[in-house]
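Below sits a lone chain in structure tokens, taken as the form predicted on its own.
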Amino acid sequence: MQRVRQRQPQAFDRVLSSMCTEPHPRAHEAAVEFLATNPGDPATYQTVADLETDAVDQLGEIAGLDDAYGYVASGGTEANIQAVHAARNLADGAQTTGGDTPNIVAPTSVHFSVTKAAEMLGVELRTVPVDDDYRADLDAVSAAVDDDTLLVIGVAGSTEYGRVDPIPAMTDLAHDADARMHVDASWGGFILPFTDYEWSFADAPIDSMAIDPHKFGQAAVPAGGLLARDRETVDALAVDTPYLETTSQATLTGTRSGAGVAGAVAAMDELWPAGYRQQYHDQQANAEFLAEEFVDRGINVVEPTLPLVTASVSPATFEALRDEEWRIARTADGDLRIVCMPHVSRASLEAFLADLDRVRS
């Protein structure tokens, strides 16, 4: 009988580019306990369905929303697609004039999942410039929004530079045009509660949000989140499911991960708020340490306002660091990008800097 090849998962000590991290031990345990459950059929899998209600309530608390609607998605990509999907369904053609294609407006810093959403759902994506601090340019947003705009999207913790768009002002522009407002806080959602940024449902009358427990929340993958201010948003996504015990389903996927739901609840139970606050302060300190070390070496950096550092290094240096098996990435402009996630230690950053010095010498 052929033996099954045994493989060990990749260690995280040299992973500096990922926005996912090692799950909290309790999240790991809970995920394993619920591996065989499917929250996509909540009437059958009632225990995990109850856990999903708890997860949405906890995510709402983190994001400043007392009565939250939504579900645990596969990640930020699904949540962003569903936000566009709901906006399109709610408009139902009434918002467009003269037969023009409905559009969504977002900064160039928006996640590529929004491009997928526009292509899948047949809406026009209008991307607008960012300002000198990599935040959405409000004048450009205002110029792009028109009577055919269904949705404006702001980013709270951008993928490349960790920036937070001016969410309240963007929300005003969206609602003045009778459009909806969505915030992509997939990465930033578990960091921003401990900052002074205005990003949440409590800061502006936003309509929906992507927020991922499997990023800074330390849940097991996959565990994203789609939150909505009102039930109407979720109802706009529902389709009939005649062969299931549950008669309708609002999620993008059918079968879903009970492990992700259970792991998310376990992580939030363990870490909200004190544990998340501490890991934000620890990783922000790591980001500022790394940025200062780059500057001391004559390397240009973008100030890390959240725990994410970008720096200008040569292509040869970047490839040499990859050859040393550092898992690093580039921005669209070619800058080195390092995300200080909970698994990133000061010792790991010091080892990285030692290799940087060696490959540059």
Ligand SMILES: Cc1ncc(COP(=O)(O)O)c(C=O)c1O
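Keep in mind it's a predicted model, so treat the numbers as computed, not measured. We number the residues from 1 along the sequence you see.
Omitted from view is the form predicted together with the ligand, to which the following refers.
S.K.: Which one, 69-77, 277-285, 263-271, 121-129, holds residues whose non-hydrogen atoms are within 4.5 Å of the ligand in the predicted bound form?
M.R.: Result for this chain: 69-77.
S.K.: So, M19, D184 and H214: all three within 4.5 Å of the ligand in the predicted bound form by heavy atoms, or not?
M.R.: Checking in the predicted bound form: M19, D184 and H214 are all within 4.5 Å of the ligand.
S.K.: Of these, R229, H111, H85, R135, which has a heavy atom no more than 4.5 Å from the ligand in the predicted bound form?
M.R.: Only one listed residue qualifies here, and that residue is H111.
S.K.: From the list T149, S257, T159, S200, which entry has a heavy atom within 4.5 Å of the ligand in the predicted bound form?
M.R.: Of T149, S257, T159, S200, the residue with a heavy atom within 4.5 Å of the ligand in the predicted bound form is T159.
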